[in-house]
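Next up: a single chain in structure tokens, the form predicted alone.
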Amino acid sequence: MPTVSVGRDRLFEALRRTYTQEEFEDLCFQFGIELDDVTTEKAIIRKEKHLEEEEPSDDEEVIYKIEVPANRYDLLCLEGLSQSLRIFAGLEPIPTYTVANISKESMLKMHVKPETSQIRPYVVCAVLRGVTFNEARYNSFIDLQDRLHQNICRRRTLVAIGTHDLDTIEGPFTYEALAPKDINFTPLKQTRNFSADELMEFYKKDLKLKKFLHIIEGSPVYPVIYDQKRTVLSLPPIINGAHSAITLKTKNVFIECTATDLTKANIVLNTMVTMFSMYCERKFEVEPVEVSYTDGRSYVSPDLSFYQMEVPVSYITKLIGVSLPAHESARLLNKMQLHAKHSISDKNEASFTISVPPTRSDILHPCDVAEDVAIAYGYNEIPKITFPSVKPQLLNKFSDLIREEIATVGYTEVLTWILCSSKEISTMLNREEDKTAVINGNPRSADFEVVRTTLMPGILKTVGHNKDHPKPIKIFEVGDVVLLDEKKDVGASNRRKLAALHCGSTSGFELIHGLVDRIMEVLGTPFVSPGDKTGYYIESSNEPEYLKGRQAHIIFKGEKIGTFGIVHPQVLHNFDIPDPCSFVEIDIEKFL
């Protein structure tokens, strides 16, 4: 989930009171967010430069790092965060955002040329009039753009935001797509003119901007926005022009969002204007812009209207497990910025008509409404319900008991991927190709080609990635492997296995043998003579992943259920492990 860094003092000023750290953590918990860290600006810089930590001085600004839900774009800046907390605390009502009532003739226009369909076909725009910036507000405005770019905009691939000082440019504007050599302008923070292809070469050395070049690089045309005088506003999604750069003195801000996804473009634009329209001369009012295409299509943005959703009261009650009066549910929803109107249907069913504001793009389904009721009510206040008919499966209960016992003897549990590469269950274990493995038909990468048939690769990879950890390393895993099985209707079956590994300079056969004996003792299985089917015994094995002469099969009631021994040096080398390891793997379903 994204983390938002805000100055503590400025946040408390916006919340109209101060909190102790414990009080603020409690407020965050109640609202469904989390205070992740408390630091200072200098401490952040020291950490980035890998310098030694120092005691913070009294004059350093305290920074709160707050973890917010990934789909709550309105919480990505101090303005939205503080406003949401004020409404939640009952300090102010839900704001009403309005689009300025101006005629289409006097509206600013954005004309879209057909060539843009080749690269970024959509654009939406808006104007914030009479904005009052100071340094903190300006920095928050820029930070929100960066956070949106990293989040919903998917690093500018879906949406790119451009902000401009409207007093330095003139409408109507045009959104075009031209050959790189035909685009010339002075980019932000530069002093000379560049053609677009020169700019792409120039920014390949820029640590921040070079990661966005691939979005349009190689395309025969680049998107560009001009004003009436052919002044370049921006080369989306790379850089804005220097001519229209906003400053602390900017009063009127023109915002344009170019996109490959129109829905996300509207969400991004709505987030930008709703968060910062509070600083406009006419609070919460946004001036619209008409966007028109050559084929006759046109629309006005932004759309700040509320949309309606019908949610049955019974649905909310059933989902959260608490029966609340209608007026109480409406009050809780109001704390979460949702207007709720209670009504009775023709079938005598109570329901809410929910009005969702433009800031809450995360509300997509009645379950989202129920979740907000639960948050506002308090998850800690919801009574725990135990369903008497629900019992854990025997295999899961048995697995938990095994986990507890192995943890008791000093082993740490790990969880590894159930998917792996085909070589990790074959050549890297000194084995032939595994014909029993289930193959992934469309793997995302070579690391996820097959479903594991053994827990060994995951355990060894864990040690390989943590080889600098203090020795000995003692880890285990209880998890499923999957094998082809013609008897099953799906063609494969799961098997629950236990694997444990001891890694260290003294790791030997007797250490892992001791763990096997302990497991059998806990399970009440006696050690018996070979051939006796009343308990378990061990016999010599010859598995390629283990060292010859230092390995054994585990025979339980006449059936082989596992193998243990010292891992072969070549296998250790394959997984980049420098220390000796002993390993055991047992099919625990055989005990049930």
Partner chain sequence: MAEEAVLGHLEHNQEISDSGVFSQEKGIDHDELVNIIKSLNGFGLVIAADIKREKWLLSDEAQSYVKYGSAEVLLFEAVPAEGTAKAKLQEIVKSKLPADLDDTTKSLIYDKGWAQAMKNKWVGLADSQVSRKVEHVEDRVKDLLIQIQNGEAVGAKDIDALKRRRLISLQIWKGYSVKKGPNYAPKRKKAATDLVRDHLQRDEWKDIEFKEYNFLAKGQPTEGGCLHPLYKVKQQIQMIFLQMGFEEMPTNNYVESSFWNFDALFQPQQHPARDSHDTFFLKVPSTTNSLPEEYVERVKTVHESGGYGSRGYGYDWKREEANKNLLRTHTTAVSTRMLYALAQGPFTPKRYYSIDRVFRNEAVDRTHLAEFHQIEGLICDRGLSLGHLRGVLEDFFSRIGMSKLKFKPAYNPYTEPSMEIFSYHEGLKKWVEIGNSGMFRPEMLRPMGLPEDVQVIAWGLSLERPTMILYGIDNIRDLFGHKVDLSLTKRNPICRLGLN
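Numbering follows the first chain given and starts at 1. The term rigid core refers to the most C-alpha atoms you can superpose between the two forms while keeping them within 1.5 Å. On a predicted model such as this, the values are computed, not experimentally measured, just so you know.
There is also a form predicted in complex with its partner chain; it is not shown, and the following applies to it.
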> Of these, 516 to 524, 196 to 204, 431 to 439, 246 to 254, which stretch puts a heavy atom within 4.5 angstroms of its partner chain in the predicted complex?
Replying inline: 516 to 524
> Considering 488, 283, 495, 397, which brings a non-hydrogen atom within 4.5 Å of its partner chain in the predicted complex?
Replying inline: 397
> Of these, 65, 557, 42, 548, which has a heavy atom no more than 4.5 Å from its partner chain in the predicted complex?
Replying inline: 548
> Looking in the predicted complex, is its partner chain within 4.5 angstroms of a heavy atom from every one of 149, 210 and 226?
Replying inline: no
> Is there a heavy atom of residue 384 no more than 4.5 Å from a heavy atom of its partner chain in the predicted complex?
Replying inline: yes
> Does its partner chain come within 4.5 Å of any heavy atom of residue 38 in the predicted complex?
Replying inline: no
> Is there a non-hydrogen atom of residue 562 within 4.5 angstroms of a non-hydrogen atom of its partner chain in the predicted complex?
Replying inline: no
> Is there any non-hydrogen atom of residue 307 lying within 4.5 Å of its partner chain in the predicted complex?
Replying inline: yes
> Even though the chain is shown alone, can you say which residues of 301 to 320 have a heavy atom within 4.5 Å of its partner chain in the predicted complex?
Replying inline: 307, 315, 318, 319, 320
>> I want to check residue 526: does it shift between this form and the one not shown by 2 Å or more at the Cα, with the core superposed?
In response: yes
> Once you line up the core, how about residue 584: does its CA shift reach 2 Å between this form and the one not shown?
Replying inline: yes
> Is residue 502 one of the residues whose Cα moves 2 Å or more between this form and the one not shown, with the core superposed?
Replying inline: yes
